[in-house]
Structure formats: structure tokens, C-alpha cells
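Here's a solo chain for you in C-alpha cells, the form predicted on its own.
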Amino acid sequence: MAQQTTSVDHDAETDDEFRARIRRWFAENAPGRRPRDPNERKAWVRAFHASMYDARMTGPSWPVEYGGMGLSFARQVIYQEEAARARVPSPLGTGLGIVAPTIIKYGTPEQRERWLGPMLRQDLIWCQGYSEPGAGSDLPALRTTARREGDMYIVNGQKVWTTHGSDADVFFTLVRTGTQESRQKGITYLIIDADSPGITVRPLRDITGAAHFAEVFFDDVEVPVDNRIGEENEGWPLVRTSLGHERAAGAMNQATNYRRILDELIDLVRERGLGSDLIIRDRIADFEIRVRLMKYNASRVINDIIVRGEPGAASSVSRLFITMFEQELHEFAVEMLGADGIVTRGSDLAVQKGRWLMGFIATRASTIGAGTSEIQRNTIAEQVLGLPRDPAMPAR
């Protein structure tokens, strides 16, 4: 792994100077045209993020000692706005915003040294092994087992809907080390190398035509005990940390991305001469208000992390808000385009390469993934509003 060679005193520049420097670096180091071939695209993303790491231009919220930039909250917002503006390709896998905070908080010094730098540089692509058949929304019902034998765990079971499961080098998983009846009290957090003998990965093709997900089978897979984060049977608090940070990271990224996407939709409205249509103006005004609220919600989530070290229940508010917003935004765009809106990409007649129709299709899953809307509403009801627990949910 290449070593970082430069450092910048962020306190010595103003916010405007910081923004200008970030914008200039993205412009001068743009990765070029996105390859269509999946394997070429994967290498393209990894190479660009490696160059960002080597230039100390990635990990805006990460501590400097772990390879990040150690930026203040205000600077993180500026960074995300400029990254969205420059269309910086998102890192592959689901490790950066989810497992990294968990390793930083609960990992040993050796584990931090071993995994954090390669994760940030994209030398290792990580994916989440949580959901199972029968244990998606009810995560404590998971049945993948890990039996300890000396310095190894022997893992057997199945995960499903594993995002980037086919691309990953490393899985961060939840396994059952206690009895099935112990639920949250019998869960352990394990890191599993994807090339371990006994692992089978089967891609799952979704409605977009791509295989973003996979099902993963573990058949007597040996995992060193040194790959366990935290203590045996005490993985549930780590789960809550990971899930909270997943929603927090998504909140700020989505807020900045949808600022850019809404601006592009407004440009499209003007280009098609629809700017005087009162119904369209009303809908655009509604989206404008909501994208601003999205940013404020993200700020509340990040503030919780700064003050308490953990994202609070506000992350569920933000997640629910964003998923409803993005579905309605893309529905509106397709409706506004009329017949042109249903022309698929690949056709010369497709508007902006069919991006709005693809967004409409892709966001059908938004209210299911990373905790369904029903789960988010239950969390808000219990932890924000103080209402009694949903009687339909299993006992903890």
C-alpha cells in the first residue's frame, strides 16, 4: 500500500479557500469517462480512490491517524458538496460508512492498523453480511452459526441481499454464537475474507438488470478468532453502531447528491419549456423545500455523532425522509417527460440516457433496503416519540 506523502493545515485556510482547493483538485484529477464494462469500471473506481488516498483527499470525517482528513463538520459539508458537484465516483462496497466507525470504536489497535487504511484506499472492498432468509427486518432471528474450535470459528449458513457481494474482498458479518433463543445476546461480529475456502457467492440480478446483490453461502468456513470485533456473544451494540452510521453516512451523501440532482432537474424543466406550468412549479417548489430539509436533517445526525459519538434515532428520521423523497422525485421526472420518460437507455431517443427512468426503477428498493420504512417508523415511534413498543415485533 502506498504511503501518504503530503499534509495540509486545514486551519490555515478559510472555508472559501478550502472549497477552492478541493474543487481545483477534483477538476485536475478527474478520473475521466466512466467505463461501461463492469470489470473496467471496478478498476477505474479503485484507482481513483487510491489516488485520493495517496493525496490525502479522502475520508473527510475520518481521524487523521487512520488515513482520513479529520475535517470539522462544516468542512465535511463543503467537501461533500464539491464531491457531488464533480461527480466523484462513490467508493465500492459498503465498508467506509458502516464498518469503519465500528472498527475505530471497538477494534483493537492491530485491527485498526490492518484494515482501516486498505479500506479507505479501496485496496480492500467490503460488504455487509447481515440479512438472511427469515432474518431481514428481524435481524436478531439470524441463523448463520459460528462454532469456536481453538483459535478458529467454523461458520455455516447463508446471507442474502448482500450488496456488492460479488465484488467484495471482505465480509463484515453477524453470526450466531449463542442459542437461537438468546437473540441479540448470542450474536458475534466477525470479519471474513471472501476468498476463504467454503464460501460460495451467487449474484442476484435485480429489476435494473444489474447484479448489485448476491446470496452468500458459508460451508465450514474457518475464520481466525483474531477477526472478531468485540467480545463473543456481544455483537449487538456493534450492530447498532454500524446501522446508525450507515444511515448517518447516507444522510449527508444523499443530501449533497440530491441538491445537484434537483438542480439538474430544474435545468431540464427549463430546457423543455415547462417552467411556466403552475403544477410543475408547485412540485419543484415542494422538492426544493424537501432537499433543504434533507440537509438540515443530515446536520442533526452528524451533530449527534459529534456530541455523543453515535448517530441517534434522528438517523431513522433522515433515512425515512430521503427514501420517500427520491421515489417521488423520480416518479415526477418520468411523468413530466411523458412518453419520452419511458424510453430506456441505449436508445437515441432516451432523455439524458434514460437516467430518470433508471432512477425511478432503482429507487423502488429504497424503502426496503437498510431497514424498511416500517422499521424506521418503529424506531422513530419508540426512540423519538417515546411510544410503546410495537406489539407485533418479536421480544428482544
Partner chain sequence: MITGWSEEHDQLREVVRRFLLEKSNPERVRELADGGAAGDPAVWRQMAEQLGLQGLAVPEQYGGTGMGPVELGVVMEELGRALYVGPYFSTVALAAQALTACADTTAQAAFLPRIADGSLTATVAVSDTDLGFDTTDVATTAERGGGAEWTVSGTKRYVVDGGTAGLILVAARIGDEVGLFAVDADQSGVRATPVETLDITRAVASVEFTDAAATRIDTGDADAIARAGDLATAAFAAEQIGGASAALDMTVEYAKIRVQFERPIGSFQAIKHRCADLLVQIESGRSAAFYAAALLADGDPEGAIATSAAAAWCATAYAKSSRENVQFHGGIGYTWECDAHLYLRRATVSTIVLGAPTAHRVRIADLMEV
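Quantities reported herein were computed from a predicted structural model and do not represent experimental measurements. What we label the rigid core is the largest C-alpha set whose atoms superpose within 1.5 Å from one form to the other. Numbering follows the first chain given and starts at 1.
What comes next is about the form predicted in complex with the partner chain, which is not displayed.
Residue stretch of 84-92, 197-205, 306-314, 167-175 approaching the partner chain in the predicted bound form, non-hydrogen atom distance within 4.5 Å: Answer to the contact question: 306-314.
Contact at 266, 269 and 382 by the partner chain in the predicted bound form, all three, heavy atom at most 4.5 Å: Contact check passed for all of 266, 269 and 382.
Heavy atom of residue 321 within 4.5 Å of the partner chain in the predicted bound form: It does: once the partner chain is placed as it appears in the predicted bound form, residue 321 has a heavy atom within 4.5 Å of it.
Residue contact check: residue 110 to the partner chain in the predicted bound form, 4.5 Å heavy atom: Residue-level check for residue 110: no, no contact with the partner chain.
4.5 Å heavy atom contact, residue 143 to the partner chain in the predicted bound form: The answer is no: residue 143 has no heavy atom within 4.5 Å of the partner chain.
Close approach of residue 286 to the partner chain in the predicted bound form, 4.5 Å, heavy atom: So residue 286 counts as contacting the partner chain.
292, 114, 147, 240 - the one with a heavy atom within 4.5 Å of the partner chain in the predicted bound form: Exactly one residue meets the criterion: 292.
The partner chain: the contacting residue among 185, 105, 300, 260 in the predicted bound form [heavy atom, 4.5 Å]: Spelling it out, the residue with a heavy atom inside the cut-off is 300.
Residues in 370-388 with any heavy atom within 4.5 Å of the partner chain in the predicted bound form: If the 4.5 Å heavy-atom criterion is applied to the partner chain in the predicted bound form, 370-388 yields 374, 377, 378, 380, 381, 382, 384, 385, 386, 387, 388.
Core-superposed comparison between this form and the one not shown, residue 54 Cα displacement 2 Å or beyond: Stays below the 2 Å threshold, so no.
Rigid core fit then residue 147 CA moved by 2 Å or more between this form and the one not shown: It does not reach a 2 Å shift.
Large Cα shift (2 Å or above) at residue 307 between this form and the one not shown, core-fitted: Passes the 2 Å threshold, so yes.
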